[in-house]
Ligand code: ARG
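A lone chain, given as structure tokens: the form predicted on its own.
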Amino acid sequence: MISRRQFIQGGSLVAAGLLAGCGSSGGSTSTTDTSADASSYTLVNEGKLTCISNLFFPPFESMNESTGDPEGFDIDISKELAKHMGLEVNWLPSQDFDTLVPTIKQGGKADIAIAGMTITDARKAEVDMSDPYVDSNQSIVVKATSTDTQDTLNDSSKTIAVQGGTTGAEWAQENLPKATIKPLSTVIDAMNGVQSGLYDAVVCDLPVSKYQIKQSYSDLQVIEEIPTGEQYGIAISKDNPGLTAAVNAALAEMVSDGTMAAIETEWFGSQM
């Protein structure tokens, strides 16, 4: 698989800076309409790019304890997207992850959902997905003292925590069918549950588990890195193709002008 950076850089050479999207979860391709006018789109609030997410998914989204403001990799991406599009960014309160796509599909509340969201065929059937901006895999996390493996976790005596509506939840249901899968509102809830012994493991995105273990959960460990080959995209209403085109053009500009590299280095220590 080519890297997300190679993909976007290659795509920036096409007309209007638009990218030919690459799919994931089944090898699907992007449905981006490259004929859409990137200068013609509607916004919920004039002059503002209104964003929604689940704001408990660090390092991509979280709430700053001192200021109460959202922060994280995706938050900085949204700010730069708005800047490159000549807009201000506007963040709405956090909502459950599995409500994000329906909210964007319904329209009228937010312009985009940016939430560490994997591009899948199911989501693309409901909303437009931008071209990919992050590559990701899944992971299995247990206590540092645990001797569990993927095989031993696939047992009726085991409970696996997941964030509801995620590809991690789908993977756990498909690959650990004998275990009890427990959907939760946030990854933080899942990690806390494993730490306390309430759950035996959590399945979640690898960049998130690595960051969380490094920052807050030194008593947990990743026992399996699952090469699912996922890519994150931004959800946009199918009724607003011009906005999808504008977001893709801005993502390409952010790669070419070094903005993306700077944000990656700030949150991950290096370019991804």
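Keep in mind the model is a prediction, meaning the values are calculated, not measured. Don't overthink the numbering: it's just position in the shown sequence, from 1.
Form predicted in complex with ligand ARG: not shown, discussed below.
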Query - Candidate spot 53, 57 and 163, all three touching ligand ARG in the predicted complex (heavy atom, 4.5 Å) - result: yes
Query - Interface segment, criterion being heavy atoms within 4.5 Å of ligand ARG in the predicted complex, picked from 190 to 198, 163 to 171, 139 to 147, 80 to 88 - result: 163 to 171
Query raised in the report: Counting only non-hydrogen atoms and a 4.5 angstroms cut-off, does residue 72 reach ligand ARG in the predicted complex?
Result: no
Report task. Determine whether any heavy atom of residue 127 comes within 4.5 Å of a heavy atom of ligand ARG in the predicted complex, and answer yes or no. Result -> no
Report task. Determine whether any heavy atom of residue 117 comes within 4.5 Å of a heavy atom of ligand ARG in the predicted complex, and answer yes or no. Result -> yes
Report summary line: When ligand ARG is considered in the predicted complex, the residues of 210 to 232 having a heavy atom within 4.5 Å of it are 230, 232
